[in-house]
Every structure is written in C-alpha cells, then in structure tokens.
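Below sits a lone chain in structure tokens, taken as the form predicted on its own.
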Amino acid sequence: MMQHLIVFPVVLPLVAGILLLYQRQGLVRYKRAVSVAATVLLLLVATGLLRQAASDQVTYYALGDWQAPFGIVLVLDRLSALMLLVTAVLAVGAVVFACAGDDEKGSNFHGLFQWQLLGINGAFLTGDLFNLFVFFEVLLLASYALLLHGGGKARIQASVHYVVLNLAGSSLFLIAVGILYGATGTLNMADMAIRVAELPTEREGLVTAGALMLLVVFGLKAAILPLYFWLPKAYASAPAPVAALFAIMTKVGIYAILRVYSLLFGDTAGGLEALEQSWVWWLSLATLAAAGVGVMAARDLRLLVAYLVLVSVGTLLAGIGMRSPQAVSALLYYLIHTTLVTGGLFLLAEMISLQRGKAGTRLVKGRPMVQGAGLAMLFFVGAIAVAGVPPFSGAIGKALMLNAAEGTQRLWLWPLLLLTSLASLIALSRAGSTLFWRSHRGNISGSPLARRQWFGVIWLLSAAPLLVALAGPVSSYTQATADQLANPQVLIRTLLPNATGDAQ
C-alpha cells in the first residue's frame, strides 16, 4: 500500500473532481461533504508522505510500471513532500471557509477546486518536463474558472489579463520543452540532467536558450518583476477561498525554479545555474522594492494582501539567488509561513468585508462591526506575522534569510528586506486603525459570521505561532531538504540506477 501512496495526491483530487462535476446539479450538502472529505484525506496522505520522505530516501512511482526514462514517473523527495503538505493544509482552510456560502455563488466550485489541487500536486511530484507542462495547464485551466466564480466586472477584467499572460507563458513553456527535447533527446528530468552534463559544444546554445525561456515561464508563474503586474488585481478580485488557494500558485513557480535548475543545469552545464541565480538575485531585489511601494500605495485590504504576496515572492527568490543550502533552507521555512498566513489574510479580508457592508475592504471609515473585537485580534496576529515582527514565525523566517546572506549580498538584502518589512508594518497599521479604531460612526453593521469562516481563518493563521513552537524540527527538515536538493545525484541514481553519466 505504501508504494502506491505517492500517486494518491494526484488520483484523489482527480476522482473527487470527476464525482463533483458529474453531480454538479446535486445537493450542496453532498458536494461539500465530498470536497471536504477528499481534502482532509489529502492532508492525511501528505502527512504520511512527509514522514516517508523524512528518511532521506528518494522514492518514485512508475505509472503502468514503465520505468524511467521512458515512462511517466512521480518522484517523492523532501522538497515535493513539503510542498504537498503545505498545499493540503492551505486547501483544508480554504475549502471549509468556502462551505459557509462562497461555493454557492457560482457553479462547479468544488469540482474545479479539486482539479486545481490535482494540477498543483502533479506539478510537485512529476519527474519529467513535459508532464510539468501538463500539470501547469491543468492547474491554470481550473484557476481560470475559479477566478471568475461568482462573476462581476472586476473579476472579468482581472481574468482577461491573467488568462492572456498565462497563455503566452504556456506557449513559451511548450517551445522551451521542444528545444530541450531536440537538444537532449529526452524529457525525463533525471535523464536530461545526465545528457546536459555531457552535451556536445554545438548544442550548448540550444540548451541555454531553452533554459532561459524556462526561467521566463517560471518567473511569470512566480510573479517576479517585470512579470508580476497581473497578480495584484487578479488576487484582489478573486473569491476569498480562491485567493487563499492562489497563495500557493506563486510557490509553484518558485518550486519549478528550484527543482529544474538545481537538477538540470548545474555548474558543469555551461554555468547555466549560476546565470539563472544571478538574474534571479537582481530581479528578486527589484521585486521586493516594487512590492514595498505597492504595499504602501494600496487603499484596499485585498489589494494590500496581494502586494504582501509579492513581498514574499521577492524574499523567496532572493533566497534562490544567494546560491547556498543555508539560503534554500531559510526560504523553505519562510515559504511555509508566508503561504499559510497570506492565505489566512485573504479569508480574513472577506470576513471583514461582510461585516462592513458597503465599505467592504476599502480602507475608509465605516460603521462598527458586530464581531469587530474577534476580527481585530485575528488581524493583529496576521499583520505582525506577515510583517515579520516577533514573536511569530515571520520574524524567524526573515531572520534566517538575513543570516543566510554573505558578503556583498548583505549590503543589498538587509536594507531592502528590512525596509519592505517596515513598509508592510506601516501599511498594515494604517489599515488596522482605519478598519477597527476609526469605525465609530453609525449603527453596528453586519451579521454574525459562520463558524466555518472562523475555522478557516484560525486554521491558517495558527501557523504563525505553531511554526515558532516547532521551529527546531521544521528548520532541521528544511536544512536537510536543502542539502538533498544540492545533491541531485541521489535522485538521479534512484530513477536511473544503471546510468553512467555524472550530472553534477
């Protein structure tokens, strides 16, 4: 049974999505029960896979028993297991929140939600480049429909930009895959790593072109400057549970950069990894600076949280650009924190909007909220956590990032990261005072919120204190993950035990 567990994160949401779409006219209670049960089961599976990966063994599942490099394989190592667990935890909070009523504002929410999980999980597990493209398309197709869930002018406008840019990115991805296949003769990433290392000189130009095209594609998915302009409005206009799940979408791009460039394009392959990390370093700093300006300029709570996602993107990409296992370990710890906390803040913004009436999430004076005290407490926790203020996990994550910087990297990262943290704190303080302290005129507005909504927000924001309590084991796991990622030979030998090449 355990040997088949690797395929469950793909099969489970696939089957659940089919059942939910087949019964799309069925009872709401049935659809909610199936979706929540499938997501909770996915969380249990991801937990089991994380325990399996913690043994430092790389395992794989060959579909149809067709072995690599010819067959399709799903690969489980520390990094993919961690990403699966983060996705499952985020999905539980989002789907329970949606069951309070957001799922009824449009059609097929739960089926599309499960298929988006299918695409995300498949992207984390796949062992070949073409199926990475396929799973990207699955998650993007589901996200197009989810972004429009409930309709509205703002969502349609944001979705047009989102769809057009991602279609262009998908086309570029397919071209890059074709170029790399033509140059190496394989799509399996472990096999490609060996062939890239042994590449004839006349084909290095093709591989360099394909690698740089992939960097553009993954940069678009991760929302790196200048490819991030689609994100703020798309995330701010999306339904709250969808925006919360979208918090993992940029991390798919970051995962792809980590996985592909550490495995395929090492230092012996024409210095492509060094070239990629140099570009990522400078663009990450630019992303941080631009996101800090966006945070200060935001006049809507949803838009503010969307720019906080971009701050996290810049911080995470800076970790990639620093080119050290210590930096990768730090970014993985920070990735867990920022994904769950920003997801919780998107849900919290929806709760605040429901209680403010016409004022919504605009940062203007409004009437007092019927449950303002509870919402204010949750906002306080989320705000100081995402800004990186002690005693919550954001402070630890950013401290680890700062500590990982070396030499001249400190001269750039320290002031920029600290200034964007200050800008985030100022913007969130201003938002909190406007939403809660300056809301004193008129009658109390809003009706009591559903328990499922409270559960979704508390579930995700509780990551901030829990990551502090578990900082020791979590950071140990992320450090071991970074060490494993720096030694791709383990993965290559597992998939291709008879390989004679040396990819690194």
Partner chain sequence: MELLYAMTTGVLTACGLYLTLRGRTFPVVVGLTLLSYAVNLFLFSMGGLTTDGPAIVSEGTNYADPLPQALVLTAIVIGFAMTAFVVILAMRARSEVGNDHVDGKKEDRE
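The shown structure was predicted, so the numbers you read here are calculated from the model rather than taken from an experiment. Residue numbers count along the first chain shown, from 1.
Below: the form predicted in complex with the partner chain, not depicted.
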Point to revise | Complete contact of V58, G101 and F124 with the partner chain in the predicted bound form (any heavy atom, 4.5 Å) | key: no
Review point. Pick from L258, V86, L148, V75: which has a non-hydrogen atom within 4.5 Å of the partner chain in the predicted bound form?
Key: L148
Check your understanding: in the predicted bound form, which of the stretches 246-254, 312-320, 182-190, 348-356 has residues with heavy atoms within 4.5 Å of the partner chain?
Key -> 182-190
Review point. With the partner left out of view, is Q157 within 4.5 angstroms of the partner chain in the predicted bound form by any non-hydrogen atom?
Key: yes
Review point. Does the partner chain get within 4.5 angstroms of any non-hydrogen atom of W282 in the predicted bound form?
Key: no
Review point. Applying a 4.5 Å heavy atom distance criterion, does W412 contact the partner chain in the predicted bound form?
Key: no
Exercise for review: Although the partner chain is absent from this view, report whether V163 comes within 4.5 Å of it in the predicted bound form, heavy atoms only.
Suggested key: yes
Check your understanding: Does any residue in 164-194 get within 4.5 Å of the partner chain in the predicted bound form, counting heavy atoms only, and if so which ones?
Key -> V164, L167, A168, S171, L174, I175, G178, I179, Y181, G182, L187
